[in-house]
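Coming up is one lone chain in structure tokens, specifically the form predicted alone.
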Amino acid sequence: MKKNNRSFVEQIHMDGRIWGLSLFVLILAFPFALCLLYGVAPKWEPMLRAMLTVLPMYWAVGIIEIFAYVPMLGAGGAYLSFVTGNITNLKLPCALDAMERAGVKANSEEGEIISTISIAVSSIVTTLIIILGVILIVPLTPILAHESLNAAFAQLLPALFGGLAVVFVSKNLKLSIAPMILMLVLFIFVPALNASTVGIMVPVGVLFTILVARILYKKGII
């Protein structure tokens, strides 16, 4: 497949870099615009000190996510996911389910297309839902805030990942045991780990699973 004398994957990488850099500029443009508009500037020394305490973690997570998510999403899906965000909770499950139903792999051209389309549709649907939410938040607040719905809302993510787990664990039972035990041990015995650290632990679990898969493959178990 060619576009302007480039292969599909080459075009994906070019478009992905353009949109990624564009988003980077737009994100930085907002705070700079506020500073210019109101004639203020941050105090650089305390800001840099604060940044140095948190940036190393984000650098590490960012590098881990690239190695963890790109093989699962493909190049196009990865670029689009990193631009639109909410990968762990939304884009990754959506893309994996779409490729599973289509019977394609992320490292194939068909998988690239399915992954990218599913993530694009997911982003559009999410945007539409957010717009509806903004419009309806006031009239729906008494209903959504009712205590009888608290238990249901608390189970949304477990239900989502539970459904995906049944599919993938059943297909790779031997491989799934070690990462499940690791995550259970970590979340039970390390109090610092909670719901807010899921985004960090998913890539860690992926890398650990790759390592385990390599060992099991060398031993002829899988």
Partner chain sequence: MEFSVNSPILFVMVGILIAAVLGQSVFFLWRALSHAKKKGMDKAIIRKTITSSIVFTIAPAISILVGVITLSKSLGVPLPWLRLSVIGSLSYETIAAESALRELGLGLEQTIANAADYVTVAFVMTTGIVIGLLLVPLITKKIQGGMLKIESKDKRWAEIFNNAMFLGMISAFLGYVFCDVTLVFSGNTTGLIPVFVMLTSAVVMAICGLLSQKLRIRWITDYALPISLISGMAVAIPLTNWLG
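Rigid core: the largest C-alpha set superposing within 1.5 Å between the two forms. Numbering follows the first chain given and starts at 1. None of the values given here were measured: they were computed from a predicted structure.
Quick note: we don't show the form predicted in complex with the partner chain, though the next part is all about it.
Within 4.5 Å of the partner chain in the predicted complex: residues from 60-93 (heavy atom criterion): The stretch touches the partner through Gly62, Ile63, Ile66, Phe67, Ala68, Tyr69, Val70, Pro71, Met72, Gly74, Ala75, Gly76, Ala78, Tyr79, Leu80, Phe82, Val83, Thr84, Gly85, Asn86, Thr88, Asn89, Leu90, Leu92, Pro93.
Core-aligned C-alpha movement of Arg101 between the shown form and the other one reaching 2 Å: No; Arg101 is a residue whose C-alpha shifts by less than 2 Å between the shown form and the other one when the cores are overlaid.
Core fit, then Leu140 C-alpha moves 2 Å or more between the shown form and the other one: The answer is yes, as the C-alpha of Leu140 shifts between the shown form and the other one by 2 Å or more after core alignment.
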